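This document starts with two versions of one protein chain, written out as structure tokens and named structure 1 and structure 2.
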Structure 1
Amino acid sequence: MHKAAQRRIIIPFLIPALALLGVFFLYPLVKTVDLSLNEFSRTGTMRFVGLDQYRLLAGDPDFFNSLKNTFLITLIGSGMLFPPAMAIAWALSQRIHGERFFRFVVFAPVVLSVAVVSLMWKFLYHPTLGLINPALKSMGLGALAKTWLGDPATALAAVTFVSVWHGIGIWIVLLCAGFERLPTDVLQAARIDGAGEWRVFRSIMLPMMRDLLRMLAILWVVQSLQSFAFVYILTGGGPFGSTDTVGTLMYRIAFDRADFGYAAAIGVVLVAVMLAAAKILDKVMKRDDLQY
């Protein structure tokens, strides 16, 4: 009786959240599915075509290329993001001189707009006018100089690097919070027992932060599967589709060609892919909860 009353009390408190979820997630999702079943003219009139857009999508090499690139960004980006973020967060969790200054430095790019960061890196990457190639040449590493954004072999990694450079501060802050939450008595005990810092990090800190890392990994996957702005500004999906992501393809189809039905179908598939990826990652990384 008491529990049933408790449940009834919860419902009014959930309504605002449910309303927001309905308006900003479920309604657009349902509407997108609705749009994907239609064919649009440039002036916005639509004609119901059922699952035709999905059938077209299944045979569209541009879509599969963009999906492949999107997953590559996720994969390459996780390699560029997590090891340095972890290392920097670990370093910042030590007692070091000028810690606040370093925290400011690593967080500073986060406050810049995507457009500003993209334009700045577009210049830095420029093969002859930029700063990277001349710097490499002056260090005797001229062989490493590339046309970074213009070479399909390097463009995707170059764009991903910019995205990671821009956002790494957030991940470092989250990881710093994770390090600070760790129980000092456990870490102290390990050190007294003779464990070195690397052993403490590997055998105690990492396992204790597993839940946080799982959440961050899921967040990264979801965020990078939606890659759009950096790619759009830096390369526009080029050279010849080597950096085209699902986001840029969807934008081009919707707004260059005014083909909203097809773009909506791509959006629906992307949502399904993101949900599946997040679920799989959650399952794979899930371990018993650690209480501390």
Structure 2
Amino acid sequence: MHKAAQRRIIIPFLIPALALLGVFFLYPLVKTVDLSLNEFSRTGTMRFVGLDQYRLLAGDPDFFNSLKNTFLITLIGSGMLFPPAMAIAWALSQRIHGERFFRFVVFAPVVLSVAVVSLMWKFLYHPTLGLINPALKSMGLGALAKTWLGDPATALAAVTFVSVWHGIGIWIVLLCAGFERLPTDVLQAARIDGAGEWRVFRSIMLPMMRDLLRMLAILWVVQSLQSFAFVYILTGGGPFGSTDTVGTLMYRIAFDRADFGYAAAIGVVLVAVMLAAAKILDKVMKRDDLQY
């Protein structure tokens, strides 16, 4: 009787969320799957072709190149993002002078639009008019000066760095919240027992923040697999496809070639890849709850 009453109370609260999920996720997903089973002509007519789009996709080298670049952005970006974010968050969780100012500085890039950040870094990366190469040359490091966005060897890392620079503030704020939630009595007990700060960080803080780190890792993978805006504005997928991601490839196919069916098939595969990657990561990183 009591449980039935609880259910009656909970259901009205769930209805708005379920409605939003249905309208903004399930319906577009079903519609995208439906589009992927059709072939579009440039005149706008469509013809049902079944799974032919997926068969074409399985032999498309451009798709596999974009998928490889997307995973490289995820991998390179995780290396650029998590170590500095963790270090800065740990530093900001300490009692330091000017803590609020430093929090503002690290979070400031987040409020800038993707277009503004992309254009700013496009200028900074410019081989002759930008600021990076002249700065390197003035320090006697001219050998490190590159055509950052024009060289296939550096373009992907350069684009990934801009994406990480723009969003790192959010991850730092989340990690700061994780550090602040740690039980101070446990940390104090470890220090009284003679553990140094590095030992406290490695053996106590990190294990107790495992669930948060797992969630952040999954969020990063899902976000980076959707990479589009920075790549499109900075390089457009070039040079020679070295920064082409699944998102930019899908956009070109849909709006340059008007092949919406093929683009929808790419989108469906990308959703499947994201769900699989999130599930695998959750399975690999999940551990038993800590008791303390």
Partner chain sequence: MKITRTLLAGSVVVLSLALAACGGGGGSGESAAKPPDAKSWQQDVKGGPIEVGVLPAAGTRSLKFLEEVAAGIEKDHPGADLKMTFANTKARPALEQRWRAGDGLDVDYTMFDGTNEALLEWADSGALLDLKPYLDQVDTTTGKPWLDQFSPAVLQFMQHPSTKKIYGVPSELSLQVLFYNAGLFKKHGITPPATWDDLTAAADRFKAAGVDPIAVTGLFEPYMGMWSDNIWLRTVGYDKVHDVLTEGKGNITDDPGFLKGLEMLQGLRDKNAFLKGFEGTDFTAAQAQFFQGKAGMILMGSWLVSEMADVIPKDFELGVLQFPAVTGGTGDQASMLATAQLMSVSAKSANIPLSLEWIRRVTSVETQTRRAGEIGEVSAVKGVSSPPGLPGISDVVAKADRLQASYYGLLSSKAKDVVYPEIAKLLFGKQDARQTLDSLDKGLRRVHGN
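Numbers follow structure 1, counted from its first residue as 1. Just so we're on the same page, rigid core means the largest C-alpha set that superposes within 1.5 Å between forms. This structure is a prediction, so every number in the text was calculated from the model and none was measured.
*Asks:* Can you spot the form predicted in complex with the partner chain among structures 1 and 2?
*Replies:* Structure 1 is the matching one, since it is the form predicted in complex with the partner chain.
*Asks:* Once you overlay the rigid core, does the Cα of Ile9 travel 2 Å or further between structures 1 and 2?
*Replies:* Where the cores coincide, Ile9 still shows a C-alpha shift between structures 1 and 2 that is 2 Å or more.
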